[in-house]
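Take a look at this single chain, the form predicted alone, given in C-alpha cells.
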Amino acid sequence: MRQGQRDWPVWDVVVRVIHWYFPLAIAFMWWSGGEGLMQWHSWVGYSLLVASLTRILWGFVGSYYARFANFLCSPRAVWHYIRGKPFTGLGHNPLGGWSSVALLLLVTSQATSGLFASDDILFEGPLAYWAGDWSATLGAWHETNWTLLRTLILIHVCAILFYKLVKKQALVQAMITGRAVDRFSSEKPVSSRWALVIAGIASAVLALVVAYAPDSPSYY
C-alpha cells in the first residue's frame, strides 16, 4: 500500500452481506419447499427478491468494484482468460464476473416466478391471479429455473475449490473480509446506507403489491 492510500475492501459490505445471504436463504427455501412450509417459503422468497433487486441496483450506483461496468468483460477477454491469460485485476476475474451475474439473474428469476406461479394443487403465488393462464407456465419455469440454479451453484462451489486447491487463491476469505493480502482497493466504498434505502423501497413496493393483489376466485 502506498503512503497515504487507504486499504479499502475490494468488495464492500453490501456485496458481502447479500453474497452470504443468498446461500442461507436458498438452502432454507429448498428445505421449506420440500417440507410444504409454503408460508415460510413465500416470506423468504420475498426477502430473496428484495436482496437480488438491491444487488442489481447496487451494480449501477454502488462502490467501484460492485458496479457491473467495472467487472464485466467482453467475450473476447473471457475467452483469453479461459485459455490461460493471467488476470491482474482486483475484482471478479472475467469468467467469475459473468458467473456471478448469471447466479444473480437466476435468483431473481426464481423469486419473481414464484410470485406468479401456481401448481393448481398445493401452492399459489400471491400474484397468480394476475398471471392468468400463464400461472401454470410460470410454475413450470419455477421448477426448471430451480434446476438451473442448483446446477450453477454446484459449478460455483467447484470453481471455489479449484481456485483454493490448485491456484491457491482464498476466495472465501476475501469475500468474508472484502480484501486479501495482495488485493485491496484505493476506491472508497459507497455508504451502505444507500443500499438500505434501496432495500427499504423495494420491500415497501413489494409489500404493497402483495397486499393489494386480488385473490383468485374460489369455486368450492
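Predicted, not measured: the structure shown is a model, and the values here were computed from it. All residue numbers refer to positions in the sequence shown, first residue = 1.
Omitted from view is the form predicted in complex with a small molecule, to which the following refers.
Just one of Val190, Ile160, Leu37, Leu57 comes within 4.5 Å of the small molecule in the model of the complex, counting any heavy atom, and that one is Ile160.
Among residues of the shown chain, Ala131 is not one whose heavy atoms approach the small molecule to within 4.5 Å in the model of the complex.
Contact between Val50 and the small molecule in the model of the complex is not found at the 4.5 Å heavy atom cutoff.
Taking non-hydrogen atoms only, Val172 approaches the small molecule to within 4.5 angstroms in the model of the complex.
Taking the partner from the other structure, the small molecule in the model of the complex has a heavy atom within 4.5 Å of a heavy atom of Ser42. Every residue of the trio Ile26, Leu115 and Pro126 has some heavy atom no more than 4.5 Å from the small molecule in the model of the complex.
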